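Next up: a single chain in structure tokens, the form predicted alone.
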């Protein structure tokens, strides 16, 4: 007979654990507000630089801001949302971060 192998607890898949924790976190919205100063073409460039969105998506978001006064430009984890909010403000846009409803 061979030596008995010690019993060990089953290994928890860390990826699954991380995804579960991430899915239970509250989402935060980054909102850009319309202003009468920043040219629309500049807003598109800022969105492309900060988010890496396509030109079409940036244009759509800019038009939403222009016509509706605001647009949710990104949603996700609070820390990253706050980082995006600061980057948008540094770029000269009026931006806020709020919990998603």
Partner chain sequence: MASNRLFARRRDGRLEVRLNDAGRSVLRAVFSQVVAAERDTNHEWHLSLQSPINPGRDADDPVAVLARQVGTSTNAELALASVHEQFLTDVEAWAWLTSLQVALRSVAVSQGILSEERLAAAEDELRQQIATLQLLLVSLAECL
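All figures in this text were calculated on a predicted structure; none of them were measured in a lab. Positions refer to the first chain, counted from 1.
The next section is about a form of this same protein that is not shown, the form predicted together with its partner chain.
Chemist: Kindly indicate whether 54, 57 and 75 are, all three, within 4.5 angstroms of its partner chain in the predicted bound form, using heavy atoms.
Modeler: The answer is no; none of 54, 57 and 75 reaches its partner chain.
Chemist: Evaluate residue 70 for contact with its partner chain in the predicted bound form, applying a 4.5 angstroms cut-off between non-hydrogen atoms, and reply yes or no.
Modeler: It does not: once its partner chain is placed as it appears in the predicted bound form, residue 70 has no heavy atom within 4.5 Å of it.
Chemist: Taking 4.5 angstroms as the cut-off for heavy atoms, does residue 64 touch its partner chain in the predicted bound form?
Modeler: Contact check for residue 64: no, nothing within 4.5 Å of its partner chain in the predicted bound form.
Chemist: Look up in the predicted bound form whether residue 26 has a non-hydrogen atom within 4.5 angstroms of its partner chain, and give yes or no.
Modeler: Because no heavy atom of residue 26 falls inside 4.5 Å of its partner chain in the predicted bound form, the answer is no.
Chemist: Residue by residue through 38-61, tell me which have a non-hydrogen atom within 4.5 angstroms of its partner chain in the predicted bound form.
Modeler: Residues within 4.5 Å: 38, 39, 41, 42, 45, 46, 48, 49, 50.
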